[in-house]
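Below, in structure tokens: the form predicted on its own, a single chain.
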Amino acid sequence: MKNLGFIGMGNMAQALAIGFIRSGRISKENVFAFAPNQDKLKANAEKIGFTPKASVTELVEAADTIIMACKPYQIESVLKCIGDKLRGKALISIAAGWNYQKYLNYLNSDVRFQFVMPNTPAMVGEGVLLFESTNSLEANERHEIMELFSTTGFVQEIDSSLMGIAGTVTGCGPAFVDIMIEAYADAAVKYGVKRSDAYKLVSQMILGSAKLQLETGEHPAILKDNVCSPAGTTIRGVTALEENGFRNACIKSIDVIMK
């Protein structure tokens, strides 16, 4: 990979571009982007360091690896526009729903392809980047791209048949966690903690709890039990969560999406 080009420069593309460039794995001089709003694109270029392009065809001509970062409903028209210009290049798509099988209907056989599903915590370098197992990248090329994406978070290969559920949990999950942050902060405020302090305390508590599980590898139930003393305060809170269907609500939030 010599030159990297973004088609679209929304929040997720910006997060990836910032992470890629800051990591030093690719020079800012080798990163290009196109977006219809040229004024906004140029402003982001000055902030992040990539080179803006005036058209999507100009972008594709400048890069050997392309990241499709526009809205899913725009992809078909974009592919029609760039057509044969993708021949011999690598295409990485981060658009939800556009997996390897779907792209087969639009790409020439000599376009190498990989579907990746990122999530919003990539904006702070703590994302989950799901790489679909089915792809047509060259082995060394795929390794290089996975290393590049790892600069914005945790990279995990997922079987093509499981990309839907894995992407739902990791992609929608941040919104559900944000609701939990807000709810526990409301509880803290109810009992006198300042709103700004409440958000910091709850967010750090969740961050620390997640890191503890990841680094120890302990089952969440064991970590929960470690906090629950006999006849203590925490077990009473756990009982209240169970009585109000907390686990079931979490599962149902995924069920309603997967239907």
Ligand SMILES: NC(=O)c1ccc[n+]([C@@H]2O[C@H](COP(=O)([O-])OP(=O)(O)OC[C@H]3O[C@@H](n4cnc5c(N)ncnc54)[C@H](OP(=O)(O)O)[C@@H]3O)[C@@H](O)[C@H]2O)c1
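Quantities reported herein were computed from a predicted structural model and do not represent experimental measurements. Position 1 is the first residue in the sequence shown; the rest follow in order.
In what follows, reference is made to the form predicted in complex with the ligand, a form of this protein that is not presented.
S.K.: With the partner left out of view, is residue 49 within 4.5 angstroms of the ligand in the predicted complex by any non-hydrogen atom?
M.R.: Residue 49 lies outside the contact set for the ligand.
S.K.: Does any heavy atom of residue 10 come within 4.5 Å of a heavy atom of the ligand in the predicted complex?
M.R.: Although the ligand is absent here, residue 10 would touch it in the predicted complex, with heavy atoms inside 4.5 Å.
S.K.: Would residue 130 sit within 4.5 Å of the ligand in the predicted complex, counting heavy atoms only?
M.R.: Close contact is absent here: in the predicted complex, residue 130 is far from the ligand, nothing within 4.5 Å, heavy atoms only.
S.K.: Is there a non-hydrogen atom of residue 120 within 4.5 angstroms of a non-hydrogen atom of the ligand in the predicted complex?
M.R.: Looking in the predicted complex, residue contacts with the ligand include residue 120, since a heavy atom lies within 4.5 Å.
S.K.: For the ligand, considered in the predicted complex: do all three of 24, 28 and 92 come within 4.5 Å of it, counting heavy atoms only?
M.R.: No: none of 24, 28 and 92 comes within 4.5 Å of the ligand in the predicted complex.
S.K.: Among the candidate residues 45, 62, 70, 198, which is the single one with a non-hydrogen atom no more than 4.5 Å from the ligand in the predicted complex?
M.R.: Residue within 4.5 Å of the partner: 70.
S.K.: Only one of these stretches, 182-190, 136-144, 95-103, 154-162, has heavy atoms within 4.5 Å of the ligand in the predicted complex; which one is it?
M.R.: One stretch meets the cut-off, namely 95-103.
S.K.: Listed by sequence position, which residues of 29-44 have a non-hydrogen atom within 4.5 angstroms of the ligand in the predicted complex?
M.R.: 34, 35, 36, 37, 40, in sequence order.
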